[in-house]
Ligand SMILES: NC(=O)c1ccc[n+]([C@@H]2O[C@H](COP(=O)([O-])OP(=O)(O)OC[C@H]3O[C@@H](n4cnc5c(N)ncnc54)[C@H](O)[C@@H]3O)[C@@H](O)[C@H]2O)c1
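Take a look at this single chain, the form predicted on its own, given in structure tokens.
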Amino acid sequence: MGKLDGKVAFITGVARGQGRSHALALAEEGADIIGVDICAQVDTVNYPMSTPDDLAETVKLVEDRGRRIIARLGDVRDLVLLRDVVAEGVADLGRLDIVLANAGIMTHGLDPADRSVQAWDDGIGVILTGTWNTLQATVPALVEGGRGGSIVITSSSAGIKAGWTDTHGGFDSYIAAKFAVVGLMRAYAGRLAEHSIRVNTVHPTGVATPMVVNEFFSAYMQRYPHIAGRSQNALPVPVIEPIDISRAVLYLVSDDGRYVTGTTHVVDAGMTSVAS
């Protein structure tokens, strides 16, 4: 018996990284998955983004665990598409219980500097508007299901302890959006409590995913040591693993966290509360 037997989870950014890790962790506990990922490059992102092959691998790994998955290509900035995917998933899998608004990008170190306008729009669009779109597309199904549910929004340690940005702009959209989704979480946690739908944010430090583990990010941190200095963990680890976040998510969406709502759940190796 798994902690999530018979439940269905909707996950954005599911093709790789934290999204894939969450899908596999929930599948291992008995959940079926509805997933969305852009699987294309955003122009203002300097590291390679996910591909259709990544999404296909996630599908295989979920199915290898004996669970069903409906995975579609899609941009979280497209509300109509998200609603269509949710409707398809609920029709095929029968219900919706869990929502993980996980999709995100990091735009930073742009050159020339005039690209910062587009970087701002892209960062806010994917992280903040994308989260709002995810809530708009999924909350009606959660409420109509009448069984309660759980929503977890991926914020960041940068959504608690503000980092610094570079003069080219871009990273500022990441910080602003990661703070803003906490406000969304609290607003929806209050509104949905009467339906026994819980809403929380999770706040990782740097995680060993392609967003952080790439040549560009390493060079960027060397170029801007004042930014790197604001991103140090207290515990002696440079980054944590995706499964560390997935375990926190599993707690929040399962009955283990059945009375936890409206909280900022931090998994940051001490970055925000201990590190200077």
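Note that residue numbering begins at 1 and tracks the sequence as displayed. Fair warning: this is a prediction, and the values are worked out from it, not measured in the lab.
The discussion below concerns the form predicted together with the named molecule, not included here.
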Of 181 to 189, 137 to 145, 96 to 104, 83 to 91, which is the one stretch near the named molecule in the predicted complex, taking non-hydrogen atoms within 4.5 angstroms as near?
96 to 104
Quick check on N200: any heavy atom within 4.5 Å of the named molecule in the predicted complex?
no
Since only the chain is shown here, I'm wondering whether N46 would be in contact with the named molecule in the predicted complex (any heavy atom pair within 4.5 Å).
no
Touches the named molecule in the predicted complex: G123 (any heavy atom, 4.5 Å):
no
Answer for V207 alone: is it within 4.5 Å of the named molecule in the predicted complex, judged on heavy atom distances?
yes
So which of N133, S150, T154, S173 reaches within 4.5 angstroms of the named molecule in the predicted complex, heavy atom to heavy atom?
T154
Do all of H195, G257 and T261 end up near the named molecule in the predicted complex, with near meaning a heavy atom within 4.5 Å?
no
Going through 10 to 35 from first to last, which residues have a non-hydrogen atom within 4.5 Å of the named molecule in the predicted complex?
G13, A15, R16, G17, Q18, G19
